[in-house]
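We give structure tokens for two forms of one protein chain below, kept apart as structure 1 and structure 2.
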Structure 1
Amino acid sequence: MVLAKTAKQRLITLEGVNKSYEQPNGQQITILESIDLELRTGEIVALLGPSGSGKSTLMRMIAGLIAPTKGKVLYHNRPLIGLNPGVAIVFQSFALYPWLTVLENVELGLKAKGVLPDVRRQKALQMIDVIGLDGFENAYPKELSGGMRQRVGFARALAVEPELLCMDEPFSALDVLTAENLRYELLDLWLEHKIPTRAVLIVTHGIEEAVILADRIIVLGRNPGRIRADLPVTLSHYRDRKSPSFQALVDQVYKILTNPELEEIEPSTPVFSVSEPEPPKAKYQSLPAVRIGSIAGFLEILEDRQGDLYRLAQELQLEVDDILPIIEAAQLLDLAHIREGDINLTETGKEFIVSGIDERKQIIKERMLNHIRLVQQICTLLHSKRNNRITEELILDILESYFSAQEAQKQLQTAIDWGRYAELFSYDEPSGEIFLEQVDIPEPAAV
């Protein structure tokens, strides 16, 4: 049923693609690095990765909305210039015009392509029918449920008969049941060749969603985004979530995602100075945006239930996107470690669990002063200032050489949160200053 009628054709090819952005301070940061990828006709490809790994950026390059900084995007083996004429996108946020009816919204893409009004209307009505929006042609988006709104998003994208249908987390704004229903309806349409689409690219952070839908799963890593795995899925549709082969694949992807190559910092990082002309381009250790409290809570749960991370996440009903940052943080702080998808408390982790609040703070403090580069740098700077105060801008300036402005903010917030927990330093919101509360705080060792 899913066998391609003709040999698979290359639709999109990415060769050595990099994407970087210039920061407000003039520095370049790399979002995606060395991406080689091929999308062929007849396949659904899932692009899976943690948030911030560059999934949307990659999809936007394929759609021709943005150009790569380096490397090539080819469409039918020819360099893509400007918008990709063969691509239509479905967005997570639906992106409908509130002042247009369902029909008018669906017609939009056709209008942009210069299709004549009569043909436009006929094609739009036909797609509205296929997508199950019959009877809602004249409704406005605000009258529709989330699921129905996303149907409009699908109808609008499919009405232009794209060769490649791109979807950026199309089900994540919907409730679980609506999402599941829409997912299967889409799969039906694809498998029964009811939609005029030759390939599908779905961006997702849901492992099960990827395994349900995709013929191939591309796993992206972060900082910068690289392809970590390209896995074929050979299970036939419709796939049984409970079957051992389904579970094995979910496990495999889970292991790839939860085994981040933790960026160990070089122990003798030179103390930076603000006037440093060229900051080192080496990777900067990235702090996952979680509170120490969440890590502590997770460790407590882990204490009784060591072992398989995927089962644990299922039991706790946590998505990989929720649990990944906690695990990364627990590893950075040397409280837990992962091997082959199994997670266990370290000796320090075990000690942490049985300790009172003051001892816990001490454990975190020691670990941070020795291993968390951003916290080390903040402490060093605080000690170097006579009044033991620094502005957050100073830290943001440094971070923006490595992270996007938004991510730099997150990194700073996490460092402040962790630093406060360990009573290493404090933060004055109104003035945006970080300061030492007690001057007897030790200076970090490694900086």
Structure 2
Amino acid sequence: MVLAKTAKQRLITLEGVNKSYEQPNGQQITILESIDLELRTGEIVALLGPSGSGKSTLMRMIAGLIAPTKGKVLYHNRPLIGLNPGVAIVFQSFALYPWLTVLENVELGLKAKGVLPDVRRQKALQMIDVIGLDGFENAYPKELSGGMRQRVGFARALAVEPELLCMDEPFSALDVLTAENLRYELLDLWLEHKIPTRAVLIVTHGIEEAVILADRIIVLGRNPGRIRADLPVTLSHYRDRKSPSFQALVDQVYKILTNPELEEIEPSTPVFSVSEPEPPKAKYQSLPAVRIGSIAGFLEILEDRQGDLYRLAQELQLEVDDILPIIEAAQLLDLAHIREGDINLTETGKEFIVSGIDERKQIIKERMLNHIRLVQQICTLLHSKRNNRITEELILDILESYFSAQEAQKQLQTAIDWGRYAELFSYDEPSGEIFLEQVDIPEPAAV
């Protein structure tokens, strides 16, 4: 068993932090809301959440790259103003200058801090040695593999001796084997105290990655992003993926991520606390950007593999950001449901599986007319127009009061895709018009 680093101290504190952006129409879109968080020395903290939950935005606020709209970010108990001097970031993309050598790329941060040439060269060479790039000091990025380029990114960040090392999905651009190797090498350096950093914050979409590395896992919800759970991980390093305790924790994280309205956890699993969700403010459900065909394919697989979601995701080799949108869509359409971390087909889902194409379209049509607020409103507007046509700008104007402009476009596109599949309405891209081909389509249910 490897002993954890001792003498934990509060390094960074977020108190009541919100982040909002103003739309061109003056509407405020909230990305993060009511974030209270402490990052302490001696810990690796993993930040998990679905796409759009504000993970990277939160990391950038901690680094001082963007300021909160409301609340305070404290560094050593003092308000943070501008860039955080104790933070360095490793990005998902390698972000190397192709015209500089490995040594010159690693020296960049030190050069920006005004470190003298001899000193920065010595520190850069030391970190190149630590990270395993000896012999490649004079190589250019084009000569390196993806894993080696990411090592340069780590060396550059660590050379400035940050107190907090921030990593924004640092392994996602690498192949599976390279990512696994680099992940464990970084863990080795941390546990053996070979790197100068005192704490690590990693944004990840991999639940297993979080459980392998982290001492705490922060789970964010979305619309807006809030902390839904803070999980202390008490498993000793190095962690066995096949152990019951490891799999139980992974199951619990899946349970939180796939149950947005989860209010409490059974007393038998007191490994974390979950904050009670506030009532949703959005008038519209957030439609996952997946096609009905993807949902249908997932249901076909689910027919023979109902049960534990974690093991299903493992078998399909799908990460959180891949599988969650499909699951959310299946639940929105009442085709599948999740309980206690297990996913199963609903009666409607079972009917969908055994139906032909036309019957499937009818099922999706009925589900949308009864459950999907945006589709209901589009149909109502179409029926109210004499020519049964509306412009997409009309819907976008409405949506931009609830979503960012980019997200509003995604929501509309998803609604159009789903509506066209169910033959509820058609869409003419050149004119940007949604229209009815048959005016005898039933009116949506009253909401």
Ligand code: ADP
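Each residue is numbered by where it sits in the sequence of structure 1, with counting from 1. The term rigid core refers to the maximal set of C-alpha atoms that superpose within 1.5 Å between the two forms. Computed from a predicted model, the values in this text were never measured in an experiment.
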Pick one: which is the form predicted on its own? 2
Aligning on the core only, does the CA of residue 390 end up 2 angstroms or more away between structures 1 and 2? yes
So, does residue 16 move by 2 Å or more at the CA between structures 1 and 2, with the core held fixed? no
Quick one: how many Å does the C-alpha of residue 25 shift between structures 1 and 2 once the rigid core is superposed? 2.8
